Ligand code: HCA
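Quick heads-up: it's one chain on its own, the form predicted on its own, in structure tokens.
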């Protein structure tokens, strides 16, 4: 049984269900140099559904290939909702209808810079377009998520009015984006909290990572009342992207104890597949899925890991499909040197281990060797008390 299913929050109340919409097939394809084939899009959608995300987003309006992929993915009968993404225009809703979509997403810039310089429309025209799009989609039996693009930089009073208008038009979800990644977590919480106090419509948060705050801002939005965050595999997307699926999934499953069907052990494979499809290497230091996420080097760390990996691993590597590695070199210390001698079949005293450690330091060659350390080898050498 999934241990998260009956998880409770610290106050004794049932843990909040935090949903994930993955946008690798929409936002992810906006990453410079990324363009999936239809076979890859279908494979990614299948893998994301198997992993357990709640919704998968794709834009059929981009090209005939995207339209074909959207139709095919919708026809797979996946458990996740397939959200067909487009502009706040009837013609884009028609594309979603043509693809057989049950969910569509419409976006419209509502900040002054977007309305004046990108769309060249007034506030009244923006309001009219938003309401018309929602009503048109609903009249055709679609569920609708409406995105208030650049809402974090929009006039708060206009945001409120827009949310009330599209709520009254029948919108099913409202997405609150930090489109250019300029919010601090406290500001994102106020932004989402303001909307939550205005309407009771379910809320998404879509945050960009321009200043490295995307995941923190998404979680701040959740704390303020949103129940769904947007991710991509490895965080790829426009400019510096949005929250990474791996990081978001681990946080909501392990820290928020959100009930979910997430198969965290698939995370490393998901990242490796995207690396293969895009040619974008996974940074070694990337949390959860990076090759250094479970590497242990310093002598004091090695001593603790050999006794109990939980000393420096908040989540065991096998839970997320990664593996533990220990690095031998000038920082290994006596414990690391003793472990290396043991692996090589050498029986040595504490003094010999100290001598080997001193020799490694004198070599000044940095890291000399990396070796996997499975659980079966933990406590093979017991560190000194």
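Worth saying up front: this structure is predicted, and the values here are computed from it rather than measured. Residue numbers count along the first chain shown, from 1.
The discussion below concerns the form predicted in complex with this ligand, not included here.
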Three-residue site 234, 268 and 291 fully in contact with this ligand in the predicted bound form at 4.5 Å by heavy atom: no
Please determine whether residue 247 contacts this ligand in the predicted bound form, using a 4.5 Å cut-off between heavy atoms. no
Could you tell me if residue 30 has a non-hydrogen atom within 4.5 Å of this ligand in the predicted bound form? yes
Answer for residue 258 alone: is it within 4.5 Å of this ligand in the predicted bound form, judged on heavy atom distances? no
Is there any non-hydrogen atom of residue 149 lying within 4.5 Å of this ligand in the predicted bound form? yes
From the list 209, 278, 111, 175, which entry has a heavy atom within 4.5 Å of this ligand in the predicted bound form? 175
Looking at 211-219, 278-286, 156-164, 141-149, which lies within 4.5 angstroms of this ligand in the predicted bound form, counting heavy atoms? 141-149
Are there residues in 89-109 with a heavy atom within 4.5 Å of this ligand in the predicted bound form, and which are they, in order? 107
